[in-house]
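A single chain comes next, written as structure tokens; it is the form predicted alone.
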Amino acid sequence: MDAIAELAALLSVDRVLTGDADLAHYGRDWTRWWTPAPLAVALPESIAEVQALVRWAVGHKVAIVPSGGRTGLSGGAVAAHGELVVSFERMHRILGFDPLDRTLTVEAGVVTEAVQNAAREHGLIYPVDFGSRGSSQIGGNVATNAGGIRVIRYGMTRAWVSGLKVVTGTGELLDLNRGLAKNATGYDLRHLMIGSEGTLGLIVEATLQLTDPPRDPQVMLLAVPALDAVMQLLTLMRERLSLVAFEFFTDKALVHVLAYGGKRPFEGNSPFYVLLEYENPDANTEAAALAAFEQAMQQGWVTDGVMAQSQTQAAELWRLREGITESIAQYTPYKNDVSVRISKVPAFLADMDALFAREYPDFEVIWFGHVGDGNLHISVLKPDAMAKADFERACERVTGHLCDVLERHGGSISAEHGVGLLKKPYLSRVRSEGEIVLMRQLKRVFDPHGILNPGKLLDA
């Protein structure tokens, strides 16, 4: 029996895909920088089947690439060298809700939005949120320690995972922390798996902590004349209001969203925009928000603004921020997802603006991000006349210069999208040699055969 026939025997013929269209679809993520070339795609429906697939891979010396919603931007889910893609889309059951612990236990393939909806049915929320909520999956979120638009209030995915089940590179099942609120029994391997990008184990199940929803959230969009004013606004609004989100984007980003179908929020243009969401439970809070807006206008930190008058308008304002990635996708963007300390954001942005103006005057650069937690997204758009290969080489130079600036400001080359293939050459600019050695040693412990997402995050 050949290897593919063995796979079909482990699962079923209809859950082992080998057609060209399927291989192309499941073998890539949102980066679109590599040509997918997996051996096959497996669609397990249980933990036992995932374990069997790992043992098959060990026996046949075939690498495994775990696959969720494939919304990543670092090449972490790319299968370009004959790997077996293990897609978790059939493992999409919500396994249980615990009202006392306020937890939801789900399989790895449950879509983020489905988790949010399930939490809402119980009067609670799963607060990790981002624009890809309708297609990203929990397993991938955990594997990359996803962040998103409300980190300023709720933190990263790591803060909301109280238990994990993980299949290691030998097929062993680990049941980590078991949903406990307190567990002081040595190394917490759960947190080691969070953000490991599928290189230490395949996440098959997660127990997620839920919390109370924000009280009557209100959304405001502000036109801001200068970068320094953005940070002055953050200080002011954080003092006066209970912020849930504080997002930033530029006029260039807004132009693309409006061209893609967004609604202009007010007349006139501004170089920068801030979208903030805050709890607004009573008249006192509303008065405080208006007073803060008036003070910002008097200080010259804001030139215009709009406060949502309905949930529909709030969604329209959020669309101006969340629609950026979709609106620029047609331009083959090269994306960088970086972070610096919040206090360093203005100086970092000023240095980067000067760098792009000097080195890449013909490239359009789109800035946006979660400025309230120091996370910025930089998308460089390919000029129409430039060949893709030439653009890729130019972008590698961009990232090299970017790393120089990040080092000066003590930042990170990846804030929330992981390292994958795209950022791997720059890992040593963020982590010390000693740290990288320890990472490699940990991988060998959990994946002694080197089959789990090899080449991602770390070289062999």
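Residue numbers run from 1 along the displayed sequence. This is a predicted model, so every value here is computed, not measured.
Keep in mind that the form predicted together with a small molecule is not shown, yet the notes after this line are about it.
Enquirer: Can you tell me which of 398-406, 45-53, 411-419, 58-66 lies within 4.5 Å of the small molecule in the model of the complex, counting heavy atoms only?
Expert: Result of the contact check: 411-419.
Enquirer: I'd like to know whether residue 368 contacts the small molecule in the model of the complex, with contact meaning heavy atoms within 4.5 angstroms.
Expert: Yes, residue 368 is a contact residue.
Enquirer: Counting only non-hydrogen atoms and a 4.5 angstroms cut-off, does residue 73 reach the small molecule in the model of the complex?
Expert: Yes, residue 73 is a contact residue.
Enquirer: Would you please decide whether residue 196 lies within 4.5 angstroms of the small molecule in the model of the complex, comparing each non-hydrogen atom pair?
Expert: No, residue 196 stays farther than 4.5 Å from the small molecule in the model of the complex.
Enquirer: Is there any non-hydrogen atom of residue 153 lying within 4.5 Å of the small molecule in the model of the complex?
Expert: It does not: once the small molecule is placed as it appears in the model of the complex, residue 153 has no heavy atom within 4.5 Å of it.
Enquirer: Between the small molecule and 424, 431 and 456, in the model of the complex, does every residue show a non-hydrogen atom at 4.5 Å or closer?
Expert: No, because 424, 431 and 456 lack any heavy atom that approaches the small molecule to within 4.5 Å in the model of the complex.
Enquirer: From the list 382, 319, 102, 335, which entry has a heavy atom within 4.5 Å of the small molecule in the model of the complex?
Expert: Contact with the small molecule in the model of the complex is made by 335 alone.
Enquirer: Quick one: of 325, 136, 87, 157, which gets a non-hydrogen atom within 4.5 angstroms of the small molecule in the model of the complex?
Expert: Partner contact (heavy atom, 4.5 Å) among the options: 325.
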